[in-house]
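As structure tokens, one chain now follows by itself in the form predicted alone.
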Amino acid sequence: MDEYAVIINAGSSSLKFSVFRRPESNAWRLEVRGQIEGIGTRPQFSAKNEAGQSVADEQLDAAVNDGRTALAYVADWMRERYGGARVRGIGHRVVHGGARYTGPTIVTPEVLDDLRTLIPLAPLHQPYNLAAIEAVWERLPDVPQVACFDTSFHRGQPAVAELVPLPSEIRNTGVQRYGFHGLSYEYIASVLPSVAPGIANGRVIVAHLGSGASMCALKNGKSVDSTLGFTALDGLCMGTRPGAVDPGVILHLFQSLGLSAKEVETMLYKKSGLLGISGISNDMRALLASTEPAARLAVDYFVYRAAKEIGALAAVLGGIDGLVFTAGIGENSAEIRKRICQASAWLGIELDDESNARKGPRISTTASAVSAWVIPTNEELMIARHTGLLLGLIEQRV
């Protein structure tokens, strides 16, 4: 009987999934990946096999209007496609694990209750991550589920990197810098020895640039600092999130403008960043194609903030050996990579335009003192690995 692990990444308007076959060798093999987009509006289901060939692409009925109905549709589709197969485990991306969960964890009712307390720290992600776990419990109560956290990879950073400089009675309630996108950074760190062995054990800055964006400073493959902190609002400018903002501005929104907590939360998570600056779109592709001055300003600010954070992380590392671009913008926008590398040329990065245009993997010249790379991330595979190890389905590699 074929055995599989199912990986789920649930969002507010999308449900992404991957199915990995358990092989005879000690690794999972991707069988299919897909998603339902437009949940609650115009749901669209698509899936591709390991070779990238489409195996499903269809508009769904409006009845697929929340995460639960979307998961039910995916479950029925998989049952039809893989009838008789055995699901050995289900792995979930969970954005926030707080201070307690420093690694992947088998989900129990007690764990789920703990994770619900973190919803205010990740309101765009955590509720939907946890709702997917609950929905799976209803359909497959005997299949173990594993929560893999975007915060876990950053645990073990120096104390000063985790510190929020507020009174101890506040810090003791769990207020600290957590960092996010950890599954992406962990995957990049795991493949550096094969893709870019010359920098794998050195000082590397990884730029995870997408609708959500952050950077991580790696030393010897370990996280030593990152641009995201207590919540996923800090650091870089993002699609709809502002990145770093003077706390006094937030006080001004409350005290002078009279906004409510909910209004401020909505502004910070859904109306700021590239969308807020441009007034046009949160999509970098649309902004690069636009001739509107506000669109150009949004792109300029995105690059400016990225270059500024690279400089800060280089200071933390005491220098830099390599810069890695990943995620949607980082992997696909040659223009943004070019502009960030040019703004960071003082560090010793010399871009190779032809390599950059074809996505590398190395996009710097051979003479460049600091190498630059494009490495596609694979958070789903990272979750599959953790799920397999935690459930004893594969062995730990030494």
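Keep in mind it's a predicted model, so treat the numbers as computed, not measured. Counting begins at 1, following the sequence as shown.
The form predicted together with adenosine monophosphate exists for this protein as well; it is not shown, and the discussion that follows is about that form.
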Considering adenosine monophosphate in the predicted complex, find the one stretch among 134 to 142, 116 to 124, 291 to 299, 210 to 218 with heavy atoms no farther than 4.5 Å from it. 210 to 218
Tell me, which of 202, 328, 174, 276 has a heavy atom within 4.5 angstroms of adenosine monophosphate in the predicted complex? 328
Exactly one residue in 365, 44, 69, 332 has a non-hydrogen atom within 4.5 Å of adenosine monophosphate in the predicted complex; which is it? 332
Does adenosine monophosphate come within 4.5 Å of any heavy atom of residue 284 in the predicted complex? yes
Heavy atom within 4.5 Å of adenosine monophosphate in the predicted complex: which residues of 234 to 262 qualify? none
